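One chain comes next, on its own, written out as structure tokens in the form predicted on its own.
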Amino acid sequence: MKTYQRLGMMGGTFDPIHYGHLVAAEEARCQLELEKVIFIPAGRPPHKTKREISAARHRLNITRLAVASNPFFRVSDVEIMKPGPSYTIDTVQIFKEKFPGAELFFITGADAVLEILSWKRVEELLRLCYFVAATRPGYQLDELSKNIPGFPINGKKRIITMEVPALAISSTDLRRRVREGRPIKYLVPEAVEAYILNNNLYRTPTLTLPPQRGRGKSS
């Protein structure tokens, strides 16, 4: 098995994955000198209980299509194959055991990091990996410090901020655009656009997850 020194993990619902996700992953790879970035579509994300979510097989397929052209990107189905809700701490532990010598960098949105205090076993999580907080244009980086004033200083040192202009794209808006018959071209890779249209995703109600307690990760 290949060993890594610095490995990126990008978790999310990816419903759908878009260029914002891809640009954030590539920027993190370059800035942090990551050898690979592994995309991990969530199986049953516990924080996504208030809206409909597409079937896991569709989200896995479009993620694979989106990253296929980048040799530094990979996709893992570890959360989709796991029964029950997907918690970040469990996934990070799996990757820590699989790649024991690697420093792990979990890439997510800055909005998600603001909720970090409510995540499952957060202090243990930050001992296992760094968080890369990708920010949208105009987002004030000091918001992280202001919104988690009681967070231990050692924990804050494990959070890396990174500005990514393409994060102005959102999965929520993409689903709305498809539902309203508006174009998503140039917002997602062509293969992802074709898959969404060919499989009639987001035009009609999809699977609704039953309520789950706790929080896992962001999309």
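Predicted model, so just to flag it, every value in this text is computed and none were measured. Position 1 is the first residue in the sequence shown; the rest follow in order.
From this point on, the text means the form predicted together with a small molecule, which you will not see here.
Undergrad: Select from the listed residues 184, 55, 169, 159 the one whose heavy atoms reach within 4.5 Å of the small molecule in the predicted complex.
TA: Of 184, 55, 169, 159, the residue with a heavy atom within 4.5 Å of the small molecule in the predicted complex is 169.
Undergrad: I need the one stretch from 62-70, 184-192, 160-168, 26-34 whose residues put non-hydrogen atoms within 4.5 angstroms of the small molecule in the predicted complex.
TA: Within 4.5 Å of the partner lies stretch 160-168.
Undergrad: Using heavy atoms and a 4.5 Å limit, would one call residue 112 a contact residue for the small molecule in the predicted complex?
TA: Contact check for residue 112: yes, within 4.5 Å of the small molecule in the predicted complex.
Undergrad: Is residue 202 close to the small molecule in the predicted complex, meaning a heavy atom pair under 4.5 Å apart or at it?
TA: Looking in the predicted complex, residue contacts with the small molecule do not include residue 202, since no heavy atom lies within 4.5 Å.
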